[in-house]
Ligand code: LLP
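The form predicted alone is given below as one chain in structure tokens.
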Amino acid sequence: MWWEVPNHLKIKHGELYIAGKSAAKLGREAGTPVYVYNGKRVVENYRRFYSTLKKYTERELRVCYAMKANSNPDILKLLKKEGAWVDVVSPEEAERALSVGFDSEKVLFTGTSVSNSDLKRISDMGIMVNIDSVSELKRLGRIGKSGMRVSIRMDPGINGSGHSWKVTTAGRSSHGVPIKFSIPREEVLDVARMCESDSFRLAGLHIHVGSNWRTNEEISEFINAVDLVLDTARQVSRALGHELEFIDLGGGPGVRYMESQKEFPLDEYARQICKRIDGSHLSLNAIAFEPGRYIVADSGIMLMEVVDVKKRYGDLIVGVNSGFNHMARAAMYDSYHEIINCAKAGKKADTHVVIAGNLCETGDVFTKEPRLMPKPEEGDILAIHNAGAYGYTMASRYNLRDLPKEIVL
């Protein structure tokens, strides 16, 4: 199958195996619904990302894992051991990063609509703040510590990219909805002066254009944003009289969710970015990136049990013991996830089915259109592929359902 990966996901004896273990057996033993992650795959993805970029630059490389994708403590410990930094978006995420051993100097806070209490907690932890608005900067000036290092989240002024309009984070608007993030490029120089007049030390500039983009065309658009942030960094350095320590190019590299999609062209991404930075003649000490999905998405599957099968107006409705409260992406973003019948993974796909959740919502379906797969029966364990990112972290207790379990192999 297209989703098989050596030493990770494979079909063995006609069944789905993850990290050498039967997925169906794991589901029955642990109880469903349950997220299962392969820790070795997380490390493998991290090392590929780091080494590909490092091939093209001699500068310090900061891979700031975007914790919002998956905040499981065991996964964070694996990434810390690899030397990762971490990008957090709330004080609670920051506290978790510190609790598993990350040094505060390796944590970057990139919040939005940040309250005074959030700023106080982050400041007290000694974590660098990525400034998202003038209001935030002014309030941090009253709350934060003198000499505190900060960076500025800049909007490059180009249209952002992403798998859904809801995750496009650059430009004026997305599908007519005003984008709430970042400081427009033409305002960055004034904000930079404000940072240093408030006794902060401006260490870097940051951009993030959106989430889960994969094509060469989208990379070309992103390279335009890189050029713009480098040009702005040059202006800021001249105005302040000192070089910036780093630029942070955010996250966004996508993963393959369906067979028709191609793998993210990581080598081209790395080569183009590093070529631009070298050509800028800026004496930046470091380049930072914030991958989340790329590191953890394909490391995980979510297991759920078939509990009800019925024919309705010609459709075969397969009910499972989970819903969008456990995996929100299909309902929230119209996202596609491969769904595998674990014990029948090697069998021919011969039946069109609709996989439906157990919430009292019409939109609680994992397949908006009938999906071809080996015919499910009550008691079968199904696996949602690419569930390692934005799965458990977005889960809720809607309908007072319990949260799913998590296992790291």
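Residues carry their position along the shown sequence, with the first being 1. This one's a predicted model, so the numbers in the text were calculated from it and none came from an experiment.
From this point on, the text means the form predicted in complex with this ligand, which you will not see here.
*Asks:* Would residue 66 count as touching this ligand in the predicted complex under a 4.5 Å heavy atom rule?
*Replies:* Close contact exists here: in the predicted complex, residue 66 approaches this ligand to within 4.5 Å, heavy atoms only.
*Asks:* Can you check whether residue 251 is within 4.5 Å of this ligand in the predicted complex, heavy atom basis?
*Replies:* So residue 251 counts as contacting this ligand.
*Asks:* Can you work out whether residue 333 and this ligand are in contact in the predicted complex, taking contact to mean some heavy atom pair no more than 4.5 Å apart?
*Replies:* Answer yes; at least one heavy atom of residue 333 falls within 4.5 Å of this ligand in the predicted complex.
*Asks:* Since only the chain is shown here, I'm wondering whether residue 163 would be in contact with this ligand in the predicted complex (any heavy atom pair within 4.5 Å).
*Replies:* Contact check for residue 163: yes, within 4.5 Å of this ligand in the predicted complex.
*Asks:* Please identify, from 97-105, 232-240, 183-191, 205-213, the stretch that has a heavy atom within 4.5 Å of this ligand in the predicted complex.
*Replies:* It is 205-213 that comes within 4.5 Å of the partner.
*Asks:* Counting heavy atoms only and using a 4.5 Å cut-off, do 21, 357 and 385 all touch this ligand in the predicted complex?
*Replies:* Contact check failed for every one of 21, 357 and 385.
*Asks:* Going through 138-156 from first to last, which residues have a non-hydrogen atom within 4.5 Å of this ligand in the predicted complex?
*Replies:* The stretch 138-156, when checked against this ligand in the predicted complex, contributes only 153 at the 4.5 Å heavy-atom cut-off.
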